[in-house]
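Only one chain is given next, in structure tokens, and it is the form predicted alone.
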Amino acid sequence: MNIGTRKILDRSFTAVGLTSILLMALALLVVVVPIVSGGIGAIFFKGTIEHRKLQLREFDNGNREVLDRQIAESEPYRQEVFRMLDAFAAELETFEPTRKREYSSKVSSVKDIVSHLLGPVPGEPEPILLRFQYGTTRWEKAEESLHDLMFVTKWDTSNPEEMGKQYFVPRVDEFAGTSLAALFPYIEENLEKMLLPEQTFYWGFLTERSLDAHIFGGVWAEIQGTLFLAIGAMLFAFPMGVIAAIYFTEYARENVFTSILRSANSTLAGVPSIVFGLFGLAFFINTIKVSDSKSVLAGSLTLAIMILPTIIRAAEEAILSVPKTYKEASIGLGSTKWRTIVTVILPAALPGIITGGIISLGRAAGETAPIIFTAAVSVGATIGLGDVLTSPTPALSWNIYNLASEHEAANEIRHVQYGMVLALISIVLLLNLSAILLRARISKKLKG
């Protein structure tokens, strides 16, 4: 190959490499930017007076005197809304039966939206669920509810060859000529005075328990459960993985038995994670009964089996990368083989071993399938260290899926879903960052 051809190939490979890196960076931005922006919205947002009421009454957070003053400030505007509804209810009694039935259905929708905005309408039965005891706690949701109040969604299906087209009709037109017609412009004009929105830094999203299936509150139980499961998995997998790597590199002979063990380890690394979840259910819970049902212990053992091949492989490569002269020098000075491994080889391989362990820890924290059958629950309180042997726990990975796909109010709590995703990504990134820093520190210490 002549020099000109070699230069062309080198430049082509460089261009392909740079293009690939750029495309990966763009793809990462497309995924990460919405997660970060949505996740930050769970902590920084415009909170209404309903949010401040909830915080004070349910978590004892906030200034009672300031809140009482704000309630007194907003109450006259709220009472005017309720007065209009009562006036229309009295007017409704004067309508003929057919017209009364027609308007009763329409005003019922209006009352539902008003109660969603401002809380329970006076005179209505006391709500049982917490979500109906307060009005809208976030200003952007209040604006959505205001749109639903002001307009009725209609669909144009006149053209059979096209899908129905959505359009909006002012709701006030349905009540033209009645006393309720004045309600709609009044709420539109005075909604801010009723809800008193202000910029809120809700640190409690990361430190408080959830209320009413994550309609309100935070995700501390899920963060704690994720850490319990990941750290528990490492407590089982890391020592076993390092010991197995020492056996493979220092003691095992090249024979059929060793080949089978290596093949089994490589095969386990490629097994789908859902299979580990089913194995954990069948073996740890149903066979050896480490717990009566789902528990942190069963989930940690399942995750440990899943990440064990990665730890073994990482530790094995780290040990093999230690120069043989270290071992030869130690044995030449009269040290035993085991003492050489413990005092010379393992300290030199420690940066690589720890890196592999932390990467495995990050993977354990983000797995969903292995804990579905063994540890995770959709809704639950925080648990103590004494409960990990018997109790299941919420976990970020499982609850993200559950809230996004199975929650009855999934569209209402998008900020919670994004907040959980951002929390999980942050945990994994922090674990990986700690691996980098720890490896650098140990390497610097070993070099003197």
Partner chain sequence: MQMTAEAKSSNQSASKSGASREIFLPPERDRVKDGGKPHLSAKNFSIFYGDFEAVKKIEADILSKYVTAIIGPSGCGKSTFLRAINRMNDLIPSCYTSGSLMFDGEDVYGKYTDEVQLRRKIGMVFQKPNPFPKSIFDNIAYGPRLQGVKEKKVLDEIVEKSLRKAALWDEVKDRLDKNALGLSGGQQQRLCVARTLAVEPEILLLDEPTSALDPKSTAKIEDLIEELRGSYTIAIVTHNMQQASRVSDYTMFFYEGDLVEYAPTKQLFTNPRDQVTEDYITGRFS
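Positions refer to the first chain, counted from 1. Keep in mind it's a predicted model, so treat the numbers as computed, not measured.
What comes next is about the form predicted in complex with the partner chain, which does not appear here.
Contact with the partner chain in the model of the complex, defined as any heavy atom within 4.5 Å, is confined among 137 to 145, 109 to 117, 333 to 341, 352 to 360 to 333 to 341.
For the options 188, 96, 102, 328, the residue carrying a heavy atom within 4.5 angstroms of the partner chain in the model of the complex is 328. In the model of the complex, the partner chain lies within 4.5 Å of some heavy atom of residue 446. The partner is not shown here, and in the model of the complex the stretch 266 to 280 never reaches within 4.5 angstroms of the partner chain through any heavy atom.
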